[in-house]
Every structure is written in C-alpha cells, then in structure tokens.
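We begin with a single chain expressed as structure tokens, specifically the form predicted on its own.
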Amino acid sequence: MDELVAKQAAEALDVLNEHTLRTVHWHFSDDTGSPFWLEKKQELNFDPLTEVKSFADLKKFPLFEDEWLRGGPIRRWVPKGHAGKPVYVFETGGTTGIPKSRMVIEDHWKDYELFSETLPEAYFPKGSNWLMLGPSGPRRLRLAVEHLAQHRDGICFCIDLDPRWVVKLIKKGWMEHLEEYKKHCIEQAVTILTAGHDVKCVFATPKLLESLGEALEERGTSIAEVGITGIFSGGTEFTPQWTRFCVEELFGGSPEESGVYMTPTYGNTLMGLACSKPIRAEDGYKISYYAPQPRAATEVVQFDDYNSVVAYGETGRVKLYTLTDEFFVPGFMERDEGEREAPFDLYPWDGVSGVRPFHELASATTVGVY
C-alpha cells in the first residue's frame, strides 16, 4: 500500500470510528433507540453507551442473528428518533418459512444516491430512462433502482418477477417451467426495450442479463443496438469468467469499443450496496467489492475465529456491519466467502474479491435468478 493510500485509509478509519460512536449512541439511548436494541441492552454484559469507543469495540456484541428478523412485530426495529415517519418493510428469503424483514425509512434512497455518484456519466447519462430487470414484490431492489433512476432525472420501467417462485421451480426440478418463467420475464423486458421508450440504463441480475442478450440476438439485434449504454448488475454469479463472456460476447468488446459499460455490485437488504473496483481485462476481469463506509463495512474473517481478519489475499468468510441511524448490525456472518483486498485510492478501506457461497453452506444454497 503506498503512502498516500495508507494516509487515506487512516483518515477513513477515523471517520468510521466517529460514525460508529454516533450510531451506537443513537440506537442505545432511551429517547432515540429502537425497542429491539433497548431491550437487548439489558442482556448484554457491557454498556454500549460507555464501552464502545471505536469500530473495533463492536466485537463486544454477540453476532447478529438473522432469526431476529423472522417475524414481528416489525415496529420493534423502528428507532424512537424516527417516530411518525413513513416506514417501508423489505423482505428477503421466504421461499420456505417466514421471510426475513427489514424496516427501512430512507436508507434505500441514501444508499442508491451514494451509488449514483460512482456511475460514469458517459455511460449512465442523467435524464436517461431505466429498465429494472430483477425481483419485484416486497424486495428492496425494485424501489431502490426506481429511486436511482428518478434521482438521475430518469423514469424506471419495471417487470414482474417473483424469485420465490423461481427457487420453488428449481427445488421441484421443474426445469421446463423455469425456462418458461424466465422467457416470460425476458419477453416483458424486450417489449419495453423495443417500444420506443429510450431506455439507456438497465439493472439486471447476471442470469437475466445473459438471457436478455440471447433473446435480443434471436431477434437480430443486441444490447448495444437497442441503445443500452450502462448496466448495473449484482449477485453472486458474478465471476471473472462470466464478466469476460459479457464484455467480449454479449456487449461486443470493452466500453470503448462497444459503448456498453457494466458495473458489478454486491449488496443485500441488510447492508446496501458495495461497489466494485473498475474491472479491466489486464487484471483478468477480477472483481473486488468495497462496502459503502461508514454506513456499512465488511471484513473477511477467519473460518474458525469470526473476530480475526485474515491477511490480505487470504480467504475467509464475509462479516457485515450496518451502521445507519435506521438500522444497526454489529457483525453478521454472510453466507459468502472471498479474499481480503487492500484499500485503494477510490475506496481507502478493505474490500473483498472472489465472492462465492460459503463452502460449508454452498450445497444448501439455491441461487435462483441471481
């Protein structure tokens, strides 16, 4: 790490420490905290208000359990400091059993406004219309991408897609039905793209993006020819091999050659959106993600000690922290693993590359439309 990046990383850590302190005080103070955390405070063997002085002190908390998010009442998560504001609820999972629910007020807007600043204007022109080719229903993505389009002075066109049905089809082995449902979703997208709506920007999951490219090719056109210049995509299916295939086969070359630019992201309902380091052929299409610090942070930790980070370049499990005034997660073990990446000038804090399902859970993970 060069001297300038080391200095930026030290400054970023100072910001994270201050932000952590403010966030913990907000969530554990009687007048601003949520019923959930105020109740949980009674069970802790330390006082967060006096004993959390830095980000490192979050290790004093027990790991956040996703079971806490299954079932209600959802209002126990609403901080008293936000009383009276309209509340959204976003769900994740739910193919079998009770889905995990996260209450949100404006976090999805703020996360995507920050993400908006990372999009290159040449490929995501302000005022462009968007297509949202991903999950709809009670999922954060649909409203978040729509807000992103509106924030950039565009209009968002959406399709109907139920990922829970996709996962059920996969589990039942109904591959013919799965193929038809995928076709149904792609047909909706092609209809929008060929209806004169001047759509230039797209959100799509990797599998759907590939299917869209193939469907357009069957109709004698392509992603570039229908006028798409900027693609924002996300999901664990993002691999260097798949990215190379997209750039070389689906798009017709690098952004300079094809006019199509793709930015991979890694995100979920708990943390928001991690951006990737710009992808280059000379780096072997390697994808490294960096969380939106200080609102969220990730660590790559040892498989046998979730409080110890691995060395740079080493493999570990992804640990997530969410630090907003709406939602507090002091350490959640993701279902993913990857390699720890060093800070760089654009994101001067740790990142993670090679994200893939955590090996101990991989066989039980159904990826669905992602």
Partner chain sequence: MITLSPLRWGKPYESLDFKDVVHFDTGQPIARIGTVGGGIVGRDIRHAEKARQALLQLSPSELIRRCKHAAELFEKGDLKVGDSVQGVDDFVHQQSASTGLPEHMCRSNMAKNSFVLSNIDQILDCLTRGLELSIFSKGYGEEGRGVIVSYQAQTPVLGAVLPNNSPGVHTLWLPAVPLQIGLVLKPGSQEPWTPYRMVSAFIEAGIPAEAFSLYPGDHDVGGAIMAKTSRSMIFGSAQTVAQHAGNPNVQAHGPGFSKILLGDDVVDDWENYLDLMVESVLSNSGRSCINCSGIWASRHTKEIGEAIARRIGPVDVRPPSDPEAQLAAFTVPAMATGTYAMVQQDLAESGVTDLTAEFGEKLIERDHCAYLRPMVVHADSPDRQVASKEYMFPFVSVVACPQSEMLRRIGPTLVGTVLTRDQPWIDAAGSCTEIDRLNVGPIPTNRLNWLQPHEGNLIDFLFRSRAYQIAEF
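Everything numeric here is computed off the predicted structure, so don't read it as measured data. Positions refer to the first chain, counted from 1.
As for the form predicted together with the partner chain, it is not shown, yet the points below apply to it.
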{"query": "is_contact(H82, the partner chain) in the model of the complex, heavy atom dist at most 4.5 Å", "finding": "no"}
{"query": "Touches the partner chain in the model of the complex: T263 (any heavy atom, 4.5 Å)", "finding": "no"}
{"query": "is_contact(F245, the partner chain) in the model of the complex, heavy atom dist at most 4.5 Å", "finding": "yes"}
{"query": "Heavy atom of E218 within 4.5 Å of the partner chain in the model of the complex", "finding": "yes"}
{"query": "Of G173, G97, P73, G127, the one that lies within 4.5 Å of the partner chain in the model of the complex (heavy atoms)", "finding": "G173"}
{"query": "Contact residue in the model of the complex, from E121, E214, E225, E180 (heavy atom within 4.5 Å of the partner chain)", "finding": "E214"}
{"query": "Option from 225-233, 248-256, 142-150, 263-271 whose residues, in the model of the complex, bring a heavy atom within 4.5 Å of the partner chain", "finding": "248-256"}
{"query": "Heavy atom contacts to the partner chain in the model of the complex at 4.5 Å, residues of 29-65 in sequence order", "finding": "none"}
